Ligand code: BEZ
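We begin with a single chain expressed as structure tokens, specifically the form predicted alone.
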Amino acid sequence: MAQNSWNTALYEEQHAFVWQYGESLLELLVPKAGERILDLGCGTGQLTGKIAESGAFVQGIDSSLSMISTAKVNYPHINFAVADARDFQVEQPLDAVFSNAVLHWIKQPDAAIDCVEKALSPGGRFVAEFGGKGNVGAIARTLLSVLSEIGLGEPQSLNPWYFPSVGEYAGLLENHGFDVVYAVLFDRPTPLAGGSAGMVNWIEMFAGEFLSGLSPEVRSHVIKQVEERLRSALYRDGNWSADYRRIRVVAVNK
């Protein structure tokens, strides 16, 4: 799973939208007191904390040690652990698995779905939101174009993301025995914090793998070129936005 060395201070300070937008996903989860729920890819724990407020027994896992360390400080009464979405186990069958803004980092979706299916009780539900087909399309295309122009061979191989269509992901769930009861793909242009530095911050936080191995000078050149080419489409009144498209899905384990 990508991005296991997160800058949690930058994440919480400049990218709180990740969990703030995910808060409405809890309306699809509808956690209840006494339920056993896993927050898969919990980050620094804000939504895990919201689930706990329902009275559910919630635990959070994330592949990033820095995220989990911060989550434990933020919510010391909740059980957090480092674990990979592609290879995790639970001690008792769960009533629900919840996941926000995580599954697009996992290029082996079958492995993650298999773990979720094995963790859930019969009738347990899987509620998730993540990047769908076309997510950050303008940003990704521009990054790949600039990298190609500087002579970086096969920049697409550096792409850390998995952005499936609704049909593709629903099919994977059904192949694992889930009933898909809700699935939608929607545009969600997302304002970025940081004013004029918003796009630079976003690229540094979420698209760093495209730039891995580049010298600081070349890295800075690439980011500047990407920023300039996106300005007309994604910069308005002193603020940047990202061209997000999201999938939301609710599936029930048979």
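Start at 1 and count along the sequence shown; that's the residue number. Fair warning: this is a prediction, and the values are worked out from it, not measured in the lab.
In what follows, reference is made to the form predicted together with benzoic acid (BEZ), a form of this protein that is not presented.
Residue-level contacts in the model of the complex: of F88, F178, Y75, W105, one residue has a heavy atom within 4.5 Å of benzoic acid (BEZ), and it is W105.
This chain is drawn without benzoic acid (BEZ); in the model of the complex, the residue among A83, V136, L173, V146 with a heavy atom within 4.5 Å of it is V136. The candidate stretches are 179-187, 114-122, 156-164, 89-97, and the one lying within 4.5 Å of benzoic acid (BEZ) in the model of the complex by heavy atoms is 156-164. The shortest heavy atom separation between F57 and benzoic acid (BEZ) in the model of the complex exceeds 4.5 Å.
Taking non-hydrogen atoms only, Y244 approaches benzoic acid (BEZ) to within 4.5 angstroms in the model of the complex.
Interface residue remark: P109 is not counted as part of the site for benzoic acid (BEZ) in the model of the complex, having no heavy atom within 4.5 Å. Taking benzoic acid (BEZ) as positioned in the model of the complex, the residues of 183-209 that bring a heavy atom within 4.5 Å of it are, in sequence order, W202, F206.
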